[in-house]
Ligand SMILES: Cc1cn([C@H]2C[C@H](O)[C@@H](COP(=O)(O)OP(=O)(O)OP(=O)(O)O)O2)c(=O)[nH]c1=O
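Here's a solo chain for you in structure tokens, the form predicted alone.
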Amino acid sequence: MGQPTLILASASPRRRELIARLGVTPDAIAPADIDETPARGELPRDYAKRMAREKAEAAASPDGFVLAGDTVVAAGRRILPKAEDEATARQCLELLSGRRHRVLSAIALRAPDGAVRERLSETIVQFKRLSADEIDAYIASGEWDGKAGGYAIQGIAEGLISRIQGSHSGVVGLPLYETRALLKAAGFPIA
């Protein structure tokens, strides 16, 4: 039997870059088109895990493994949106300014036999107190577009973060320690 295939259920170029750091190149990219609306009263941790699992199931293939992930920025019990416009990005940054928040990065791996394994990375991130000028400059950069919580830690925003406790790669979008452990546990060949 040949090497098993891996389908990455994500259109994110960041996830492709991150998984490459493990020496893994997906055989296919199959973004899952699912409803990403949080259920009423759903907690951030449960939401992240559900999204990863549903994405893995939506891209399921009998021919290989499917890896899916979801990253959620949470302020307390509140799930922050993906910033799709400047107003949302500004609201997120104003809320996160000077305070700690959690970034939950869930991954799910669906095996060819249908078994699903999951892992969750939880990282504490703290922004410095942001001035109006700093928020304006970050908004002008456009880096926030489509990002959970209205920022991308792998860019300009990293200079505005005073503290991180946990997985940097998880905040970017794919927690590498957890991903490697998940792949190995499932028998996927990885160094």
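Residues carry their position along the shown sequence, with the first being 1. Being a predicted model, the structure only gives us computed values, none of them experimental.
The same protein also exists as the form predicted in complex with the named molecule; that form is not shown, yet it is the one meant from here on.
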If we take heavy atoms and a 4.5 Å cut-off, which stretch out of 56 to 64, 151 to 159, 129 to 137, 38 to 46 is in contact with the named molecule in the predicted complex?
-> 151 to 159
Contact of Ala11 with the named molecule in the predicted complex (heavy atom, 4.5 Å) | yes
Partner proximity in the predicted complex: Leu183 to the named molecule, non-hydrogen atom cutoff 4.5 Å | no
Can you check whether Val73 is within 4.5 Å of the named molecule in the predicted complex, heavy atom basis?
-> yes
Although the named molecule is absent from this view, report whether Gly142 comes within 4.5 Å of it in the predicted complex, heavy atoms only.
-> no
Stretch 157 to 179: residues contacting the named molecule in the predicted complex, 4.5 Å heavy atom cut-off = Val171, Val172, Gly173
